[in-house]
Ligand SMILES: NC(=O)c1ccc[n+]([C@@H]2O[C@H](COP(=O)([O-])OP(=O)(O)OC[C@H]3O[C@@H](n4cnc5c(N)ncnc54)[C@H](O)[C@@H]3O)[C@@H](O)[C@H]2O)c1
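Presented below, as structure tokens, is a lone chain in the form predicted alone.
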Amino acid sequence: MADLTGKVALVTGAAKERGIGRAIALKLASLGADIVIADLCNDKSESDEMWGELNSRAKEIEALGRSALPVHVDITDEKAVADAISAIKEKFGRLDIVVNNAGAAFGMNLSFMMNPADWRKMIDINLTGTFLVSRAAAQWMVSLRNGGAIINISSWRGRYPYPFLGAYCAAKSGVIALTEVMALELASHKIRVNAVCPGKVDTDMERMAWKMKSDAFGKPVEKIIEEEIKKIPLGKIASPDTIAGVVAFLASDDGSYMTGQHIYVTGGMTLMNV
């Protein structure tokens, strides 16, 4: 089993209970890492739903015997990212693992009909946010000279496009390209950079997509899920824990000879014309 004892990991987009970020944070904590859990919160009061969820994640991590630092960060805001890194410096004094999980999918439309504001926002959250966090973290990690790992959560749609998802596909494709470039740039500093490209995962975001399809086609959500499963050779939807296991491998010494890779976790969907 991988051992991350003594390591500090930053996981963005970690607040949601049914989310990949939470699963990753808990998995890394279970392997011994202290965790910085980051998400977009309006304020630091319990009345803010996202901040309340982030604090719940912190308690889960602490229950595993690890330290947790919840931080409010807008990953599209350079200053907010810098402030988050400063908070990590003050609390832990080191950073070994960065997981760029925060992302969004909205505004489905034909690309030639898409609102430019929605396009920019999608690129900002999914690609520019990954860049800003990776940039700030890498600068500090290089100075620490401890090596490390940056893991970007892309999507299989970054290489397998789909109608109505032009901005999302473009952003996630950009994440893969950024991963490859930064892997080359940071290799001499012993910092590995890889991407994980999930397929269908049972998250709030995926369930929202199923509901949209249900409404659009007038079918029960259960029927939509059945149809989705038929497209997957392994015959099941992934859980967030499945993605977390791959991230943990890449973060640990078990993945120490891997960099610049984008790994599909799709149950075989990349082998099908779907």
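We number the residues from 1 along the sequence you see. Because the structure is predicted, anything quoted here is derived from the model rather than measured.
We do not show the form predicted together with the named molecule, though everything after this point is about it.
The contact residue chosen from 69, 26, 40, 224 relative to the named molecule in the model of the complex is 40, the criterion being a non-hydrogen atom within 4.5 angstroms.
The chain is drawn here without the named molecule; in the model of the complex, the stretch among 91-99, 135-143, 70-78, 184-192 whose residues come within 4.5 Å of it by any heavy atom is 70-78. Each of 198, 201 and 206 comes within 4.5 Å of the named molecule in the model of the complex, counting any heavy atom. Among residues of the shown chain, residue 255 is not one whose heavy atoms approach the named molecule to within 4.5 Å in the model of the complex. Proximity of residue 154 to the named molecule in the model of the complex: non-hydrogen atoms within 4.5 Å are present.
Using a 4.5 angstroms threshold between heavy atoms, residue 148 stays clear of the named molecule in the model of the complex. Residue 20 belongs to the set of residues with a heavy atom inside 4.5 Å of the named molecule in the model of the complex.
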